[in-house]
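The data below hold one chain only, encoded as structure tokens and taken in the form predicted on its own.
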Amino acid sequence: MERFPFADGFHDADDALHCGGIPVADIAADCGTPLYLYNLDAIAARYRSYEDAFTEVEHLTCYAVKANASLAVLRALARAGSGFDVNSRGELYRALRAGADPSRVTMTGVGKTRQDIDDGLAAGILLFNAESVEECVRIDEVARNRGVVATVVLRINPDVDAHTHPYIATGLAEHKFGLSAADAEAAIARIASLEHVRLAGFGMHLGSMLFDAGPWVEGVRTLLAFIERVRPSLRHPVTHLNIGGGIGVPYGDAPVDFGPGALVAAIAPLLPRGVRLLSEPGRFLVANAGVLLARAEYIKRNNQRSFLILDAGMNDLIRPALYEAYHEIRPVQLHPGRAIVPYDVVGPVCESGDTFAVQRRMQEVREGELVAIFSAGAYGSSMSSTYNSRPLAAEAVLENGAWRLARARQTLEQLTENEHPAQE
């Protein structure tokens, strides 16, 4: 039995890919393709290992819902005890439907609408991660209308280079997130004067796919130095410190030797007593516990290249097109004796960018056979679209050793059910 560093809860047995103990080909036969398949048992185990790393620190894990907002995934994490970080009223709605405890929910985002804020207050969420003075003023107005006081953690942009892809870096001065330390320091008196906002702490988020504690150490030191400078101007004690998320995961064969244990060991000595640490893992909990199953529609040879054309496209999984992201790809069923050949692995969408891999070497695939795209549990389904009027893929999950359908495939009728064409 072969296991992979990039696949939590998936393994090879008898040359066939299994999820838990079930051949994924059997699940695809019932559900069709494209199909997202998540191992919820692996996600729950990953969450528990993450929590164990923070045992000695007063801490709340708030899963970043944006990574994978499937109700089945959210419910599994809620049952495991996780809190949630949401970016919109829609994500809040999903988290609550999945059983989230609102007192363990935070709301993030640079563009919160009044409705986002009002929904958060109505639900009784723990706090808002505020990104600007203007947002704090808006939160104060909405909270005043409700006759409540909103708890806020102000996001500071520490100007720390996390050395990651520019689209997923968020902690440099030129990024839209948070306030510079200088701007925040100048604004503290204004924020502290708001009667319906309780400024309870400060936070940061450096970006994603980080494999070194160094940026976090630098960022935490920046935050703590800032807090000491502004403490005389604060009306309330600092009770929360948010370090964001961003721990990287393997998307290929190479295992990653950095994880939450190493992060906690590096930052715990810096943390003051009496402050609750918040963190927001997303990708780390779910990425490697999901695969996208697709079927080979055609094997096309052109200009001395072989194109493996799948029934899944960039509308189903946009990461390769958007980030030039690497995903491991291989046939679901291996066949001893077949040749290893290079493929351009592509989808059916009318874009040259609809490409999952270029000249990727793998065992020969034949028309109609299944292919697995690994590490698809994060930012796959949650970023998918109906481009080319392609229905959203189905989702299946394995939980307690058994599989079930978690989201039915969108029908053609559902594609247009909310549209209202002009009357003739």
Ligand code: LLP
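Residue positions are given as counts along the sequence shown, with the first one as 1. These figures come from a predicted structure and were not determined experimentally.
Although it is not shown, the form predicted together with the ligand is what the next lines describe.
When the ligand is considered in the predicted bound form, A64 lines it closely, a heavy atom lying within 4.5 Å. Among heavy atoms of G245, some come within 4.5 Å of the ligand in the predicted bound form. Interface residue remark: H205 is counted as part of the site for the ligand in the predicted bound form, having a heavy atom within 4.5 Å. The ligand in the predicted bound form is not approached by S82, whose heavy atoms all lie more than 4.5 angstroms from it. In short, of 376-384, 25-33, 395-403, 40-48 it is 376-384 that has heavy atoms within 4.5 Å of the ligand in the predicted bound form. Checked against the ligand in the predicted bound form, the candidates A184, L127, M209, L199 yield a single residue with a heavy atom inside 4.5 Å, and that residue is M209.
Shown without its partner, this chain lists R295, R155, R104, R94 as candidates; in the predicted bound form, only R155 has a non-hydrogen atom within 4.5 angstroms of the ligand. Contacts of stretch 91-108 with the ligand in the predicted bound form, defined by any heavy atom lying within 4.5 Å, are made by T108 alone.
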